[in-house]
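The chain below stands alone and is given as structure tokens, in the form predicted on its own.
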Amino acid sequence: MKPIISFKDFSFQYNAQKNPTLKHINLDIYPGEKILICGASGSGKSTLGNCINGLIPFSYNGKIDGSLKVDDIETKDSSIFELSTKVGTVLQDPDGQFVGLTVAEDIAFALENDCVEQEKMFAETLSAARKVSIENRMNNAPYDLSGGQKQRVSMAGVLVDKVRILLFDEPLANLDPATGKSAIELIDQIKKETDTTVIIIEHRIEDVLWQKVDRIILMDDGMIVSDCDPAALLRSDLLKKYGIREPLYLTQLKYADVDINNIEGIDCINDLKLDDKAKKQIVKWYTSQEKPEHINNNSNILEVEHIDFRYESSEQILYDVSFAIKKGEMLAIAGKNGAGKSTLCKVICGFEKQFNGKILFNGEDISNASIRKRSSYIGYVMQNPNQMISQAMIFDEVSMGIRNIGLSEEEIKERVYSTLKVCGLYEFRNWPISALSFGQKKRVTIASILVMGPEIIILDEPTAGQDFYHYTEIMEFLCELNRKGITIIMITHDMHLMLEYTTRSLVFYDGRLQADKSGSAVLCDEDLVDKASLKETSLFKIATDVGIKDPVSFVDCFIDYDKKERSHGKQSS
């Protein structure tokens, strides 16, 4: 069969860079294949995707060596318009893709450009909308939709053009767990119904492998280091070697000394089949573990009592929310998009004022305290560091918040330097922020809050869009702050984070607090997972498959054992 995409000794170097980003790529992708391209940040996977859809070289300039053909077209001799008729791209952020005032207008955009007559345009637009189950939202504004609905509109907008290749660039990054799971199922459904070639660029392998893929392309340093079927890659040590998180169910099998070479369906949790020997090994591993206990006897640092909130001229967002957080806790707030998580944290920080109820900090009622007063003991870190940063230099950004509290310049300098040392940024103290990586910018925003001396830090999606290396780096840094006595609250869609790093989770849906228990208990509660748009952990499936009656305890044992193994690995290295 003739490939629909063919790289031959292909290299690409951006004009602004000294070295090539892609180096000697040789890769053939065939019609109807479903391919996952993964790799750590900076590995070149997004650049590879931009070469396929024509953004390189027509939007991002640089030097090309070798050949890349898409549907028999040499891309460097083509145009972005011609390639757009072959490749439909769904971006990580759908908002950057919308051009219509309504869903129908946005889906029909390509047809209007092609001057398709109206009756045919209406029929094809409706057909594309039905393929992604968004036909009941045709008159809505795209920006008013949920994250999952926005992604469906983006998919319909490229499907209507009848492209032969669909390219998804980190499709799970901004979606809650259940919506991400639905997106993977929808991509699989579209592939099967249309026989479109599908390429998914994503580092969250376990989530993509909710449905089968044909091949996984693993990239590192601009090169393809592996191109094989998923089972072969999972059975190798390449994921660990190149800084990619392997699926939790695979790690569990290894901890129980199961021979993964003999396990069927290892490339998709839905198809995993454990034989009797493997089941006995897993049960034996579980029964040999000490059951971990997490007890916090500290006093309450924050108490929220009967909070109700609505925006002006809007429906109610929060209903009778009450909970308490102890000093030194590391806690997750979870739930689907629009459940009220971020609104609750804005109320706690004082960004939103008109609410009913009471907020206590160390027993003192701060319900009417100013934002400035609250910021001295509660800090808030936004998801995107670029939305918080306003200064050009690191020192200026970190010192900005303490310049109006009566400190001398020497005291400011001492406090900033001390904070930068805690955050691992001292060596960059005289650097411009523009020279930092995304993860380092995130640390700068945390430092700008930490310098204020808060006892609580609230972080909105601290690991969003991070590969496993940078995810671990940020979380270990937060754990270090937590060990110094700072209470950490994280709004998150990341179920791994909830399991690995927190002892409690507050779960919201429909503006109400529906659960207050451990992450393992949350993700082993099928009814709660469904209602709150979460995603069950693959460890729960392992536990039920082998007949363990207390899956929560099983998951807790895995997390405790995994922490010890990773800690031992760090000490060994």
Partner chain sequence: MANKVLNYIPKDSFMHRLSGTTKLIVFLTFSFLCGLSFDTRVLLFLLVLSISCFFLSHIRLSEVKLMSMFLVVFIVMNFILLFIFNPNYGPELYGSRTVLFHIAGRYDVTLEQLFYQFNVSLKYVIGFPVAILFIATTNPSEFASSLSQIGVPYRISYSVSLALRYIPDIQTDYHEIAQSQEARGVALGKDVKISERIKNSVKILMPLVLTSLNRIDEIANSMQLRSFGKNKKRTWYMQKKMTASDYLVIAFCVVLFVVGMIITNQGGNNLYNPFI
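Positions refer to the first chain, counted from 1. Worth saying up front: this structure is predicted, and the values here are computed from it rather than measured.
A second form of this protein, the form predicted together with its partner chain, is not displayed here; the remarks below concern that form.
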- Among Tyr143, Tyr319, Tyr426, Trp431, just one has a heavy atom within 4.5 Å of its partner chain in the predicted bound form, namely Tyr143
- The one option of Glu105, Glu303, Glu455, Glu461 with any heavy atom within 4.5 Å of its partner chain in the predicted bound form is Glu105
- Query: Would its partner chain in the predicted bound form be within 4.5 angstroms of a non-hydrogen atom of every residue among Arg372, Asn384 and Ser448?
  - Reply: yes
- Item | 4.5 angstroms heavy atom contact with its partner chain in the predicted bound form for Ser43 | no
- Message: With a cut-off of 4.5 Å between heavy atoms, is Ala110 one of the residues that contacts its partner chain in the predicted bound form?
- Response: yes
- Query: Taking 4.5 angstroms as the cut-off for heavy atoms, does Asn337 touch its partner chain in the predicted bound form?
  - Reply: no
- State yes or no: in the predicted bound form, is some non-hydrogen atom of Val529 no more than 4.5 angstroms from a non-hydrogen atom of its partner chain? no
- Task: Select, from the options 493-501, 212-220, 262-270, 80-88, the stretch whose residues sit within 4.5 angstroms of its partner chain in the predicted bound form by heavy atom distance.
- Result: 80-88
- Task: Can you tell me which bits of 113-127 touch its partner chain in the predicted bound form, meaning any heavy atom within 4.5 Å?
- Result: Asn113, Asp114, Cys115, Val116, Gln118, Glu119, Met121, Phe122, Thr125
